[in-house]
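What follows is a single chain, given as structure tokens, in the form predicted on its own.
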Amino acid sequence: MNKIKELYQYRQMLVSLVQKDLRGRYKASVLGFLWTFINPLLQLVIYTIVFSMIMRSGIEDFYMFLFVALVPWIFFSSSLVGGSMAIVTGQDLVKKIYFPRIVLPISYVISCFVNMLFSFLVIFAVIFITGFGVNLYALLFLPIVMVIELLLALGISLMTSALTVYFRDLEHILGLVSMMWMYLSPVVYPMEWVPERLLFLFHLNPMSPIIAAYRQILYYKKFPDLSTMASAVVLGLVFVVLGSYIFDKLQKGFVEEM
């Protein structure tokens, strides 16, 4: 509770860091903040061409099937890879002044989360333009799924940001892990395509129930499965508690390692 109170006392610093990251992300670029929308759209076009025209998936409205999973995945992947460098990038602050070090990875993940929220504006624009439609009652579960994913991304970022201080190669390793993790998650294909003998691996994947929940709400237009939601909630809480514990144990040596 003392750590939570301390974090609350530094809430203005947290807000300032989030704003700084959002402003600096596309600083000096011609299109600026528009890249928040352009990046997921370009990826959507590429994957749709590959899986609809070349490696034909046969999935109806594949663009929507993919888009509602791709945007959350981009947020998670950004938090996984970029969040691992939160402490190392902010080492000047860490060395000069006292503040809860946990503020740095939290601020980075929140800025990525805000980017995802803006990208969801594109999803709803596509839904409106194409007439795909939504289930308004199922849509009430969307903020819950988003918060669960935020907890999962935060927990993993807390772990990786602390470990990267001691093992700098982790940033590059996580880039490869992120690429493999995407194809081991039901992002570009449905779970029904997974061979039964490999299903246990997908059930161990914390992103599987989260991707499934997004797809159930926005693509299938129905309430997310309760067991899927329960799994996602438990995994999110486990990772944020474990991440906080590991971060707290390792942060004592941050200054010496930098």
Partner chain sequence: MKEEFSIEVKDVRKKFKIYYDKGNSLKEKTLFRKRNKYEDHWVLKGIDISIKKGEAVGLIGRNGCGKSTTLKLINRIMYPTSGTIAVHGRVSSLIELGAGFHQDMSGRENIYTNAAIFGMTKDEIDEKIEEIIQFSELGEHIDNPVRTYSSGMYMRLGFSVAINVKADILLIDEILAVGDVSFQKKCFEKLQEIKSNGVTIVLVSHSMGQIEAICDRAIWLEEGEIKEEGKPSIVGTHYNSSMEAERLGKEEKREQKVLEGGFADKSSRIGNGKAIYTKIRLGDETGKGMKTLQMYDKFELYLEYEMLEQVREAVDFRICIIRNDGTQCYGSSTMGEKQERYLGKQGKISFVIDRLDLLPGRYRLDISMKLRDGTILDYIYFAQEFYVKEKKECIGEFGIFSMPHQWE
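Numbering follows the first chain given and starts at 1. Given the structure is predicted, the values throughout are model-derived calculations rather than measurements.
Same protein, other form: the form predicted together with the partner chain, not shown, and the subject of what follows.
A residue is said to contact a partner when one of its heavy atoms sits within 4.5 Å of a partner heavy atom; Ser16 meets this definition for the partner chain in the predicted complex. Contact check for Leu140: no non-hydrogen atom falls within 4.5 Å of the partner chain in the predicted complex. Within this chain, Val165 lines the site of the partner chain in the predicted complex, having a heavy atom no more than 4.5 Å away. Although the partner is absent here, Phe128 sits far enough away that none of its heavy atoms falls within 4.5 Å of the partner chain in the predicted complex. Between 108-116, 91-99, 73-81, 150-158, the stretch whose residues reach within 4.5 angstroms of the partner chain in the predicted complex through a non-hydrogen atom is 91-99. The partner is not shown here, but in the predicted complex the stretch 221-251 reaches within 4.5 angstroms of the partner chain through a heavy atom at Gln251 alone.
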